[in-house]
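Given next, in structure tokens, is a single chain: the form predicted on its own.
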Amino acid sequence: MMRSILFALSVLGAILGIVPSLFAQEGIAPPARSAQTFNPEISLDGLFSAATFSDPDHLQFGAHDPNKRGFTLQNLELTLAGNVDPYFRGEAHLIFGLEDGESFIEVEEAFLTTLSLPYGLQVMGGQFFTRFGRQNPLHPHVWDFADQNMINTLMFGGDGLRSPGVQLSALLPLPFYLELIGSAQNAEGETATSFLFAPEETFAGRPILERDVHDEGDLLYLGRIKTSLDLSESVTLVAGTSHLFGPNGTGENTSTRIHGVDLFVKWKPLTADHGWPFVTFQGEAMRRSYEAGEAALDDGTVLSEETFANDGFYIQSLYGFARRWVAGIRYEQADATDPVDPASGERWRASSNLTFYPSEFSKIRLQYNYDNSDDRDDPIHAVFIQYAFLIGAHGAHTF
């Protein structure tokens, strides 16, 4: 374990040292750096849960979900961030986890962001979550519920959609907030399950082919528009629409499209004390069109070309009814339960939870799920108790 931690820290050091090394290779004196370069923001957050299910063969497919009876380490995340120089900010999120009793480390995100481009432009490059909708870019410790939304798991897999690439965003000079976002990323791996995920996997019975990147048509592209309006002094609305296009691994020329809309409304009175009371409403809806190619299986079966259409949504509301106390409800519906088998049936789930924040650095949550799927005779009841803590400096999250 210690060797793994040292390896992760050396990788992180290399990431944060990319720009000075490039300057040294070119014989160019690097620009002056602030003292913060040598004193990066460091934080560690831990997310743990205890869970029980009425059926041990439950339907929790999120990689960070409470996934078994008993205790689960949902997430342990080390974050390092800081300004590299006057032009770039570096940020890395390393995940430590347990799987079948074995420890593992993965680079969840590691990217550079520009700080001083004109005209409201910003470029980000590296490994990052695709900014599709509201839920996908979020890290598990800021989720409003103990588990991942069903529709996000169906569309983007258990870990969410993330991959190496580049993103360009523009904040337009208008009287209201309007942001345009576009990105190009690799479409391969288990963190892109609607596209080119692991070759040993299948989609609707079809084996996933190994497809290399030959040209720009083999990448994954995102387009997003996000706007925000103050409806009154106490009510703010944020709305967005996202669109994804990329290749999938069931054929040489097959592709996947995902479209989504999202909405967030928050009420907070001018007299709020440390943010309480408040009420939020949030929802997302998505639709996927997956072109599956023709496949000849080992048993002689031939699967013809077919387009699978899947959709689903979630809506949720939080009520901060007293300082440090938040109650939440959520309803979700999707037309498939298994992220790699779109024909596995209709499913809906209702959840409620109660969260207590002893401080801004910790929370304790109690959650109940009622999970109903067409491919099960009985609904699944689930109860989670979740505890989270945060140590160190941590940047603010997107509103």
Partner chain sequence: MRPIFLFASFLLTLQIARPVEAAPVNVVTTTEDLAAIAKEVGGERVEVESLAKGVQDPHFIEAKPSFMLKLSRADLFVQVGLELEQAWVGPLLLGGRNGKIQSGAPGFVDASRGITALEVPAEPIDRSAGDVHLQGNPHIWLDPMNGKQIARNIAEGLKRVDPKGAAEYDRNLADFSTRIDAALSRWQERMKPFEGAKVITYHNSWPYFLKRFGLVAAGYIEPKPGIPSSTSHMREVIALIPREQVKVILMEPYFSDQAPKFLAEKTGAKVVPLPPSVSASAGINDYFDLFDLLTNRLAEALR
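Numbering follows the first chain given and starts at 1. Owing to the predicted nature of the structure, the values given are computational and were not obtained by experimental measurement.
One more form of this protein exists, namely the form predicted in complex with the partner chain; it is left out here, but the text below deals with it.
Undergrad: So the partner chain isn't shown here. In the predicted complex, which residue out of E294, E99, D230, E252 has a non-hydrogen atom within 4.5 Å of it?
TA: None of the other options qualify; the answer is D230.
Undergrad: Could you tell me which one of V238, I315, L303, I208 places a heavy atom within 4.5 Å of the partner chain in the predicted complex?
TA: Residue within 4.5 Å of the partner: V238.
Undergrad: In terms of non-hydrogen atoms within 4.5 angstroms, which of the given stretches 359-367, 60-68, 346-354, 327-335 touches the partner chain in the predicted complex?
TA: Stretch 359-367 is the one.
Undergrad: Does any heavy atom of H274 come within 4.5 Å of a heavy atom of the partner chain in the predicted complex?
TA: Yes, contact at 4.5 Å.
Undergrad: Verify the contact flag for R323: yes if a non-hydrogen atom of it lies within 4.5 Å of a non-hydrogen atom of the partner chain in the predicted complex, no if not.
TA: Heavy-atom contact with the partner chain at 4.5 Å: present for R323.
Undergrad: When the contact criterion is heavy atoms within 4.5 Å, does G120 count as touching the partner chain in the predicted complex?
TA: Contact with the partner chain, yes.
Undergrad: So in the predicted complex, is the partner chain close enough to K266 to count as touching (4.5 Å, heavy atoms)?
TA: Heavy-atom contact with the partner chain at 4.5 Å: present for K266.
Undergrad: Going through 62-89 from first to last, which residues have a non-hydrogen atom within 4.5 Å of the partner chain in the predicted complex?
TA: The one in contact is R89.
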